[in-house]
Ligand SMILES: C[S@@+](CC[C@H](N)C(=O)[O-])C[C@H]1O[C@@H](n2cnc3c(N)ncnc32)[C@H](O)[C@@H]1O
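The form predicted alone is given below as one chain in structure tokens.
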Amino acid sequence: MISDDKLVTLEIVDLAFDGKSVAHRDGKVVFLKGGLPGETVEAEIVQNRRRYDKALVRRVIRKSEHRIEARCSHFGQCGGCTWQDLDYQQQLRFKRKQVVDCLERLGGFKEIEVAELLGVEEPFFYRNKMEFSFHVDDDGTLRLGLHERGRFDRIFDLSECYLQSELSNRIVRFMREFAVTNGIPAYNVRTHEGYLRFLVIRQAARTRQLMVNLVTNLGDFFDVDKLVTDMTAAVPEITTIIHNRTGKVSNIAVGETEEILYGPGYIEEELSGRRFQIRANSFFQTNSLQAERLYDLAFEMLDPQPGERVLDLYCGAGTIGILLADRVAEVIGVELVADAVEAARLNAQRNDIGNISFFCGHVRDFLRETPAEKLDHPTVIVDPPRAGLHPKAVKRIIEIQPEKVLYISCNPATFARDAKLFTEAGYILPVVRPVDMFPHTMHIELVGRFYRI
């Protein structure tokens, strides 16, 4: 029973960067789980802070004209699609507004043009990779699905998901039934006992090749032949099956050892006429078709010239550099993760790219150890993780005096912080172009190009 003093009526006015809705009460901001701009809601105040409150929407009194029926039956329970009940064009509008807010509030930028956000053509079935978790309830019930919203230790049984193809739903249903029928225990994140940990499904958008990666605890496998026979009979579209084992306590879907159970052990994807090999633990842009549009937009902004030497920092599996290589003189990729560098070298070889090389290590170490005269005023591309650029990396990039810096970001807040450092050093940022890679979520990708006057 909720006490009356915790229930309040609020007018929602905005959406916050983390997906929560925003209202105001008694001179303070209120961040709410649930609700859309333009709605009047009854909410429960669950946390009081000095500068803001947190609340849960308990009832929508007046609905927004932009509210739609969420397609997924798990919406609200699942932690994935925060905005599936908001019209897609409005999602794009609010995402662009959040980019503007971050640039103005965190970067101090008032005059930068923020282009209209580039949306997707199909806002469902766009993911080429999904991770599903095994879980055992207190009563011993095995579950296989996704995390409940806000809970690391609660998994619900998935019946359908509209982010990946219907084949992934069939594989999830098969694997759940197979585990129960054969008595294979799920891993317990509290006791660290049990076996099955994750089911990872990757399917290429262009080639339609399909990988199933089963991540388990250490120990002997159950009947491998039966698993492969039954799984490929249930879903004959599967092209490879992988088994990853890990004894680490950290709850991430990456194995310490890997075994190929069926097929070649990888899938292939095509982007802009190039072919890329993707292994179980490889990084690859999760939305293949929109990644192609993102890179086309980025290269248009970069305007590469035949004589340029390009530093591709945080290059991952080398996708950007490989796609760019035939337009410039040389590309040097820098990446910390050794497996990603190995994949990058392999993909460059497979695509017959001879003017690209890769350095395995920290970006800041590469920039510190490489003499400035050897770099010779390169063009720089950065595509860092959500944390953005290390301040020392920014400092060293500025010291080598690149004529152009192309920044691809998955976090407008850290982009705004880093952009301020570049502009304080004399670089100009005329326009930022946001791209929607993940419809129905709060995530935003963007591209900006800095240049010297």
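Predicted model, so just to flag it, every value in this text is computed and none were measured. Numbers for residues come from their place in the sequence shown, where the first is 1.
Although it is not shown, the form predicted in complex with the ligand is what the next lines describe.
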Close approach of residue 363 to the ligand in the predicted complex, 4.5 Å, heavy atom: yes
Residue 402: touches the ligand in the predicted complex, heavy atom cutoff 4.5 angstroms: no
Interface membership of residue 385, the ligand in the predicted complex, 4.5 Å heavy atom rule: yes
Partner contact for residue 195 in the predicted complex: the ligand, 4.5 angstroms, heavy atom: no
Location of the ligand contact in the predicted complex, chosen stretch of 155-163, 317-325, 301-309, 75-83 [non-hydrogen atom, 4.5 Å]: 317-325
Contact at 283, 295 and 335 by the ligand in the predicted complex, all three, heavy atom at most 4.5 Å: yes
